[in-house]
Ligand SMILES: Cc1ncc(COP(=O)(O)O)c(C=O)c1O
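As structure tokens, one chain now follows by itself in the form predicted on its own.
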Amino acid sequence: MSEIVDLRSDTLTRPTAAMRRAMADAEVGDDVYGEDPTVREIEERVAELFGHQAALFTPTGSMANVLAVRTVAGVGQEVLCEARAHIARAELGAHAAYTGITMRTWSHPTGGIDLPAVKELFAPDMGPFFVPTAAIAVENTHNFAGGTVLPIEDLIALRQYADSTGARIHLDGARIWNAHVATGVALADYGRTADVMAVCLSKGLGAPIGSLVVGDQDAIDESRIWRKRMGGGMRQVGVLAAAGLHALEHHVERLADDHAHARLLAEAVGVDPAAVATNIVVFDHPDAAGFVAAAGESGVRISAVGPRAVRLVTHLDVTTEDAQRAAAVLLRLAAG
């Protein structure tokens, strides 16, 4: 048990000893030339897991999302997404800056898909005075909505609607592994609902870095060019890809432990544990910043994600004992 329990994000994990050995032993080459065998291995592995043709290793999830979205929407077009979506709220306007797209949003209490709202927002090509809708983006699990899982039935229904309109679908699957473990839905089933995806290795899976764009070969070929253009061309990066391969082998099923720890913490702050699907708890507090500061003084690091919203995230480095200790602190503060 560590002295500080850090629940700010699941990006805080440190490589395990076994992961470090895998990194040290990785076979490498120059990935800009497409010659790093370990990078090629993880790209092929992840593409196969989601039932797509190809994948591209990137240093960050934000880069993966920007690259993915620009394959389905271009300059002067729009993407529809939920109001708290990571691509709209937490990527510093990168999609507008790099791709020239705009976004319009629907709101859903749990970050879900509101298909009637999507249909109402959808704008076909109506001439030179209106921005046409090119794509619809969804996030699974939904970060700022508390790690909620999008039902596969809703994703299938959205896929069918998109097919009927010619729109394309981007899936921000930074925590798709959590959705898979929480529901038992196969990764390939999630993959079939999207034209292009971004998936992350450095959150719940515990790798130190790395995300992948997943899609058809044309999307990945285009993304490889844009990755280089954005400064994301990497050389002997197999040492990082090896961490991701180790995570895929050893850290997926254990996500269930993080989910259990999140439910324990939820109960401490007055959130129904049954409403916590994965590893994120978001709850209301009249003074989020003050609550976060008080928790920090008691050895529990958490985040304010709004003036009245507090977020807790469990992860690989949080043991059951850590979660119990944090829950005791949070229960005391919530009661006070």
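Not measured: the values here are computed from a predicted model. From 1 onward, residues are counted along the sequence shown.
This next part talks about the form predicted in complex with the ligand, which is not shown.
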item	value
Options 42 to 50, 62 to 70, 286 to 294, 266 to 274; stretch whose heavy atom lies within 4.5 Å of the ligand in the predicted complex	62 to 70
Output flag, His261, His315 and Asp322 jointly within 4.5 Å of the ligand in the predicted complex, heavy atom basis	no
In the predicted complex, the one of Asp257, Asp195, Glu78, Glu91 near the ligand [non-hydrogen atom within 4.5 angstroms]	Glu91
Of Ala242, Ala174, Leu205, Ala179, the one that lies within 4.5 Å of the ligand in the predicted complex (heavy atoms)	Ala174
Asn143, heavy atom within 4.5 angstroms of the ligand in the predicted complex	yes
Contact test in the predicted complex: Arg224 vs the ligand, heavy atoms, 4.5 Å	no
The ligand contact in the predicted complex: Glu82, any heavy atom under 4.5 Å	no
is_contact(Cys200, the ligand) in the predicted complex, heavy atom dist at most 4.5 Å	yes
